[in-house]
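For this one, two forms of the same chain are given in structure tokens, first as structure 1 and then as structure 2.
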Structure 1
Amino acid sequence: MVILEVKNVSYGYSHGTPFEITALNNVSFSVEKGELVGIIGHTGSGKSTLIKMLNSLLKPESGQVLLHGKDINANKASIKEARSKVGLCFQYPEYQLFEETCAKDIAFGPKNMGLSTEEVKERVLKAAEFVGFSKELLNKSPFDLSGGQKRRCAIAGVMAMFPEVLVLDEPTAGLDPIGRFELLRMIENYRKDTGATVMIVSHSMDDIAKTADKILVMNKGTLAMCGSVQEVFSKADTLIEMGLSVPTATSLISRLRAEIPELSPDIFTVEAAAEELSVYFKGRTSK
């Protein structure tokens, strides 16, 4: 079932000044319910602009964004609905924390949705659970946390609204490998638990290859590719032309394939590469 549909959306910034720029040019795609969509693209390719369209923070200059088949920019009510159903978490969300305690900050979103006090409390606890926050952390000031904890607190603030579509702009930027891994697992937990659709903007091809069902590739404001992990990452040359790359495992295997042509070209994660290589070497020793 299609949950979100972007139809011929175009958008530009700074009209009428010398800095005028077309950030999105006739972008169309659709997202199935429960999918995990990865969005990749060079810096300035329009990824952040695109996700701001999804809950009407920016309105398309032409084209439409449909949520459950209805135009989200139709009227005030539809915008409000989109704001609560499509949860947007910006890049470096830790710089948007403001409350005295983490619990209060996480409660900001659900409160704005007009929920009862009990329900807000319940959601805060549930969201804290998704990001692995203890009671003790919840009562701390968000400004006293470490960078990674702040990030998780901010993401919990969006999860607490239980959006049907959770959109995250470079959620793992600036985190160490373990922090990155943990954060992706938390997002995965949220998805499993709520059946939500998730869209992640990322510069890490490895993360995208590991988690995504579908990949959108942005290039200079246009949607250059849209397809499965296999469809996208098998076009290494096109990606490199756009200033992107393929997952580390893929480039390793493709270099090995020069020597060992028997290896499969469709390897995108480290785990799959390890599996493929062990199968190959086992086969060789048994021969």
Structure 2
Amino acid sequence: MVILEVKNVSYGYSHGTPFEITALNNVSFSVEKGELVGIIGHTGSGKSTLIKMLNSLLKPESGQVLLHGKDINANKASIKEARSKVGLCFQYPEYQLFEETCAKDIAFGPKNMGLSTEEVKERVLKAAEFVGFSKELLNKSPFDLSGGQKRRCAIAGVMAMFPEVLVLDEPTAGLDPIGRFELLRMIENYRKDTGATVMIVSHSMDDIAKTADKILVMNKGTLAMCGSVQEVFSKADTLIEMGLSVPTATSLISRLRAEIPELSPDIFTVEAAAEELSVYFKGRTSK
């Protein structure tokens, strides 16, 4: 079932000046309920402008953004509904923390939704559970936390609104490999537990290959590709021409295939590469 649809959306900046730029040009795609969608593209490709369209922080100059088939920009009521159902978490959200405790910061969104005190409390505890926060951490000032904990607290604040569509801009930026793994696992747990749709903007091809059901590739304000992990990353040459890369495992296997052509070209994660090499070497040992 389609939950979100972008139809022929265009948007530009600085019209009528020497700095005029087309950020989005006739972009169209749809997102199914429960999907995890990766959004990739070089800097300036239109990714940030696109995600701001999804809950009406920016309005298309032409085209529509539909949530459950309804134009989110139709009127004030539809905009308000979109902002409660499409949760947007910007890059480095920890810089937006401001309350005296983590619990109060996480509660900010649900309170603004007009929920009861009891419902707000329940949502804070559930969101804290999603990001692995103990009650002890909830009572701490967010400014006393580590960088990774601050990031999780900020994301919990968006999760506490229980959005039907959770949009995250570079959620793992600046984190070490363990921190990246843990955060992606928490996001996946949120998706499985709530049935929400998740959209992740990322420069990490490895993260996208490991988590996404579908990938949108933005290039110079247009949607250059839209497809499965295999459909997108199998077009490595095209991605490289756009200034992008392919997953580390894909690059490794590609080089190895020059000597071992039996290896599958459809390898996009470290786990898949390890399995493929294990099968190959076991076969050689048995021979």
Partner chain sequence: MIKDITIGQFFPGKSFIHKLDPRAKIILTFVFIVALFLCKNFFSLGLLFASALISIAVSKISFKVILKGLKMIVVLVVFTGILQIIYNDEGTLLWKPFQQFDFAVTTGGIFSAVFIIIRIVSLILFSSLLTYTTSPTMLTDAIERLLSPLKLIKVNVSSLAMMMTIALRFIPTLIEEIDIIMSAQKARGADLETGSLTQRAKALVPVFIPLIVNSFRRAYELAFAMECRCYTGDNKRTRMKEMKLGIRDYTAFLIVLLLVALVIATSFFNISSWFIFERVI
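Just so you know, these numbers come straight off a predicted model, no measurement behind them. Throughout, rigid core stands for the largest set of C-alpha atoms superposing within 1.5 Å between the two forms. Counting starts at 1 and follows the sequence of structure 1.
Structure 1, not structure 2, represents the form predicted in complex with its partner chain. Core-aligned CA deviation for Ser264 between structure 1 and structure 2: less than 2 Å. For Thr17, the displacement of the CA atom between structure 1 and structure 2, after superposition on the rigid core, amounts to 3.1 Å.
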